[in-house]
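What follows is one chain in structure tokens, specifically the form predicted alone.
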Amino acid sequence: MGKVAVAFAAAAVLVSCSVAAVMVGRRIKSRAKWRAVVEILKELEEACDTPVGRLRQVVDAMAVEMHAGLASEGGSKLKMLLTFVHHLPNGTEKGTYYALHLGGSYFRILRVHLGGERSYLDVQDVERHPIPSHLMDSTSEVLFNFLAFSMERFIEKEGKESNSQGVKRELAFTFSFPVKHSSISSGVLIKWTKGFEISEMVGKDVAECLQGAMNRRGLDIHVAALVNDTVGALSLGYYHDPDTVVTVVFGTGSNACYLERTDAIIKSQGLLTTSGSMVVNMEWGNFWSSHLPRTSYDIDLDAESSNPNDMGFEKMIAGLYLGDIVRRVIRHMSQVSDIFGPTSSMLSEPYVLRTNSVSAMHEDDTPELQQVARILKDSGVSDVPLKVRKLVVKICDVVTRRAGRLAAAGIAGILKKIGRDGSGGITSGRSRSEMRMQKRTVVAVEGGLYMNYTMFREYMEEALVEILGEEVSQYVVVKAMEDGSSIGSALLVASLQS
């Protein structure tokens, strides 16, 4: 019996050792997989790093490209488009005006009544609707017929009591895509962005297409101005505060415009304006510089996009793309490790993870990061432990921090070009004493990414102070605006009638 007991004991020891060995092996393998994921995160952090020295290189590159784009057509990645907007609203405008805004993911219609005083700005009706996805690759006729039909329904709701009855309505068409203007009320589409792909529309007069659709429906509406969304936002900013000279939009896409001296627009010498200035639409989404911190995820996103080798800056900072960069990082991690468990094919679908989801995960303050768990589950990743959820939050932070800081560098580049960064600007011709006299400068900012994503906004504003320095940044005011592009476009039409 003693020998049998010894044998059983020995067998038990062997089994225990085997189990222990298996457990240790699994633990070692698990640690190795976790280390692989941590290494990917570390590489991402290094590739996305934006120290202030690098940001200032981006600032310089932006200012130089702006100067080149103003010097000649095609002289820069920045198109620096003329808008023929010489005068901005000053508060004396009166009357009722309309705006129809076609953006990247929505369209908006509104009516504005002005009483001739800055304090009397009455936005009477606002309708905002998502753009039906089938319109984005339809035809120009289908798209503009839909917009005209939507405008008709909006007007029908005014009823008989509206004081606009029997009067031709003056409309601003706010169009968030690159246009080469020939006047403030006409311009041809250069290219689509933000996912639109109606190729036969390129080269057509945008305002003419909308006017034709209005006429076909028998609407007594005059398309009085074709306005980029950034220009509309600048108009509203200037209306409330004449120190507003720059506007940036951070939404589905991103763009900027600013007020430039006409004598600095070399490619249009001989252009005379009574104001001596003109609003320039930069189309800054296409900016590129070797100083931009590009990752393998950015390269893959660009190659698989509908516009490869185009809009490189926008693809690093705009709402359409941030979610997909985060998705690509998570997918890469899931391919080298099983820490995300069995993942669904959804994770391989481009743009399945939206930037508003990234924002919700990044700013999740629940104890167990339940928001992160819910969003990952909706994206095909279920039941991940808390430490993996924390990892995802960190990925969101790295991608968003880079976006916010690069956005700040872009703004600082504009300020440098016009001599509002404390340096005197590029080829400004200013004296040293003028350079030392820093002016108050207002930068109006709008768009869903900026308005709704707190961490993006904070990273951008923090970096702007870093770049400019404490002394100069106290003269630079960043003002958030909502519906600024639509309201401002209506104001612009009003200023044309004054």
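Quantities reported herein were computed from a predicted structural model and do not represent experimental measurements. From 1 onward, residues are counted along the sequence shown.
The same protein also has a form predicted in complex with ligand BGC, omitted here; what follows describes it.
Student: Within 4.5 Å of ligand BGC in the predicted bound form, heavy atoms considered, which of S334, S76, T193, S379?
Tutor: By the 4.5 Å heavy-atom cutoff, the listed residue in contact is T193.
Student: Tell me, out of F177, Y239, F313, F144, which residue has a non-hydrogen atom within 4.5 angstroms of ligand BGC in the predicted bound form.
Tutor: If I apply the 4.5 Å criterion carefully, the residue I get is F177.
Student: Sort through 412-420, 108-116, 145-153, 224-232 and report the only stretch with a non-hydrogen atom within 4.5 Å of ligand BGC in the predicted bound form.
Tutor: One stretch meets the cut-off, namely 224-232.
Student: Looking at the partner-bound form in the predicted bound form, is V249 within 4.5 Å of ligand BGC by any heavy atom?
Tutor: Although ligand BGC is absent here, V249 would touch it in the predicted bound form, with heavy atoms inside 4.5 Å.
Student: Under a 4.5 Å heavy atom criterion, is E93 part of the interface with ligand BGC in the predicted bound form?
Tutor: Outside the cut-off, so no.
Student: Using 4.5 Å between non-hydrogen atoms, is T355 touching ligand BGC in the predicted bound form?
Tutor: T355: no, not in contact with ligand BGC in the predicted bound form.
Student: At 4.5 Å between heavy atoms, is G253 in contact with ligand BGC in the predicted bound form?
Tutor: G253: yes, in contact with ligand BGC in the predicted bound form.
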